[in-house]
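Just the one chain here, the form predicted on its own, laid out as structure tokens.
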Amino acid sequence: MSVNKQQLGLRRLRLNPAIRELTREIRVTPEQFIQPHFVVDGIHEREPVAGMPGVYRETPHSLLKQIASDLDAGVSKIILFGVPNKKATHNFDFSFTAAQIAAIKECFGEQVWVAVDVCVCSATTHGQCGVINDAGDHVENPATVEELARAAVEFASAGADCVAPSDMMDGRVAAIREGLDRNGYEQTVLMSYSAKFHSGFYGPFRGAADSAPKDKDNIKLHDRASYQIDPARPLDALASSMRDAEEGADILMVKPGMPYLDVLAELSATIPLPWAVYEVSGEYASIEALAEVGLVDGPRAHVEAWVGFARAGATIIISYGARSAQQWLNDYKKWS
């Protein structure tokens, strides 16, 4: 039986690996990835993060060894989460994280591009992302923004290439940008978590960063719904991102990734800035859990998720699998 032109009209461009490679509109490369790292004050050896194979709470020493290993794997961009041993309710001490930034730069110089998360959740006694009022039922916006701006300047002074506020306070981007510029850090990149949702996918991260909200200190807040974006409010994500762009953010971010691809697609098409997406711990761990019981090919599923991020408009992908991206993306050829 002969096949007419109409019967293969679309399939001709799917028939073999060569034509599939030539006709892809979306291409993901290892250069697009940022690898998260947790460095923890007061531990004596690295600790595995539950549900996240290959991800650790690092000591200052093991952090440098891991970064060196990642460089060998083609990963030269990181985002650092410092976890201080000393906790407080205000007047936070950012010296531990700043010291790790300085150590990374001393060891690796310009080989490693260092972004640093700017938040106080890991430094508070209660796990909330800011300074709490006396009644214990509200995060004080101005007091928190002041702390965040101070942290950003301290991190830039230590050598950070990029500061990344993740707190979702109002006005923090403007305050951080003003503080950086006033102190001579005009070249420091500001990557804002501009569309960070109140998500259920942050569990493994909160264990790694010691940042889960805690029921103590007479705190009446039990979650972060009063400052993170409601998953059912995409217009809030748009307003937050437009504000952060106007206040001086260089890069904007959607977090988490897969549940919010529609938001990422709309925002990236509306606001002409580079867009990052964070494949958060719960997303990453979900794929790993499925792979562990043989229900998916883990690397293939991660790459499929990454392609989805790029398809929705992300040019920067923050993933715990960044250190495997070069190998997994190369393996994509055999899957496709």
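Quick note: we count residues from 1 along the sequence shown, nothing fancier. None of these values were measured; they are calculated from a predicted model.
Keep in mind the form predicted together with a small molecule is missing from the figure; the text below concerns it.
Look at 178-186, 201-209, 101-109, 85-93: in the predicted complex, residues with non-hydrogen atoms within 4.5 angstroms of the small molecule sit in 201-209. Contact check for V40: no non-hydrogen atom falls within 4.5 Å of the small molecule in the predicted complex.
In the predicted complex, Y260 stays away from the small molecule, with no heavy atom inside 4.5 Å.
Using a 4.5 angstroms threshold between heavy atoms, V280 counts as touching the small molecule in the predicted complex.
Among residues of the shown chain, A156 is not one whose heavy atoms approach the small molecule to within 4.5 Å in the predicted complex. Relative to the small molecule in the predicted complex, residues K196, R224 and K255 are all within 4.5 Å by at least one heavy atom. S166 is the sole member of S166, T144, T124, S241 with a non-hydrogen atom lying within 4.5 angstroms of the small molecule in the predicted complex. Listed residues A115, C119, L264, I229 were compared with the small molecule in the predicted complex; C119 is the one with a heavy atom within 4.5 Å.
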